[in-house]
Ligand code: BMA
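Take a look at this single chain, the form predicted on its own, given in structure tokens.
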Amino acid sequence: MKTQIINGVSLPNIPWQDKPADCKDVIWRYDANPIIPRDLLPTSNSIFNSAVVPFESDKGKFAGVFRVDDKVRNMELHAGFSEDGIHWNIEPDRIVFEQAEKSTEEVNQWGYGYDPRVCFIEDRFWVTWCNAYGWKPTIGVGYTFDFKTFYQCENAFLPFNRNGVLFPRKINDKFVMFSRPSDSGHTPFGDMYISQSPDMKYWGEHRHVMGPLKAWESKKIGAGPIPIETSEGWLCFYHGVLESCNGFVYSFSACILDKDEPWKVKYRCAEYLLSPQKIYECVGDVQNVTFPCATLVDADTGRIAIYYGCADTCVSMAFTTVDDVVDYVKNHSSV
């Protein structure tokens, strides 16, 4: 039975490349990777782990929030726009957030920005990222209507936390967000949790989703792109980390969560679906990293374009379909 996409949008110009005849994997890479080089901006040391969404989709356009580490090695967020989802114009200056409301503490504002996600809910594009609270990592929350003016809200959680990923609609009348409680360093552990909020400000009803299970993800896991709602449940790509004699190795796979109680895992692929194997994924500022942060999904064809960071240096793209990846996850599930 064909897997249906629920609440999806038509993207007739979704970036796409047909699966190579000799490819045996369920996910395949774009043959012109990376699509965004590290030096696209004069000030950039690297551009990676970034999020894109359809924007003015009736005109076939796209927008995004990009992680740009500059040559001072500040971690900044920049807005960007594209006509085709492949060739990007990234603003040379970082996003400067306006305060959405008066904060009780100046420290609860902009600290730094990395690994953003962007999610359209109801009437605006919500942005989550790893922000600093007293220079300790937590989940920043903001929103924009036009990718020109951005508003910053209160941080979602206490430090230490990373990988804040919103679901694209309310569930049981509550906003829902993934996160991964962590520590102040290169977190040597990590499980995925879900938290819920009535207003995008006060977060609670925390639920454990899953932790490391298989060898390829034995060190830690974390949420990836915005979940995709399907007739089987929420299709979620997530990253897992293996610690080898050569350091950490970041790969990614997928799971399917219950539609009404998304902390319940229905299926979880035992294997990674894409791991660092190409030179641009293995060589860079941080070796051996494939880190997914965004997907584009065409509701008409089920095509999925995945944007992922490579070696903490550049941005690449891979492809699959909803039918193919859902079937693969179900047939190779470890739960």
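One rule holds for the numbers: they count along the sequence shown, beginning at 1. Model, not experiment: these values are computed from the prediction.
Below: the form predicted together with beta-D-mannopyranose (BMA), not depicted.
For the three marked residues, 26, 253 and 272, no heavy atom of any sits within 4.5 Å of beta-D-mannopyranose (BMA) in the predicted complex. Residue contact with beta-D-mannopyranose (BMA) in the predicted complex: residue 49 places a heavy atom within 4.5 Å of it. beta-D-mannopyranose (BMA) in the predicted complex is not approached by residue 217, whose heavy atoms all lie more than 4.5 angstroms from it. Although the partner is absent here, residue 114 sits close enough that one of its heavy atoms falls within 4.5 Å of beta-D-mannopyranose (BMA) in the predicted complex. beta-D-mannopyranose (BMA) is not drawn, but in the predicted complex it has no heavy atom within 4.5 Å of residue 324. Screening 28-36, 296-304, 52-60, 283-291 for residues having heavy atoms within 4.5 Å of beta-D-mannopyranose (BMA) in the predicted complex returns a single hit, 283-291. Contacts between stretch 62-88 and beta-D-mannopyranose (BMA), counted in the predicted complex as any heavy atom lying within 4.5 Å, involve 67 alone.
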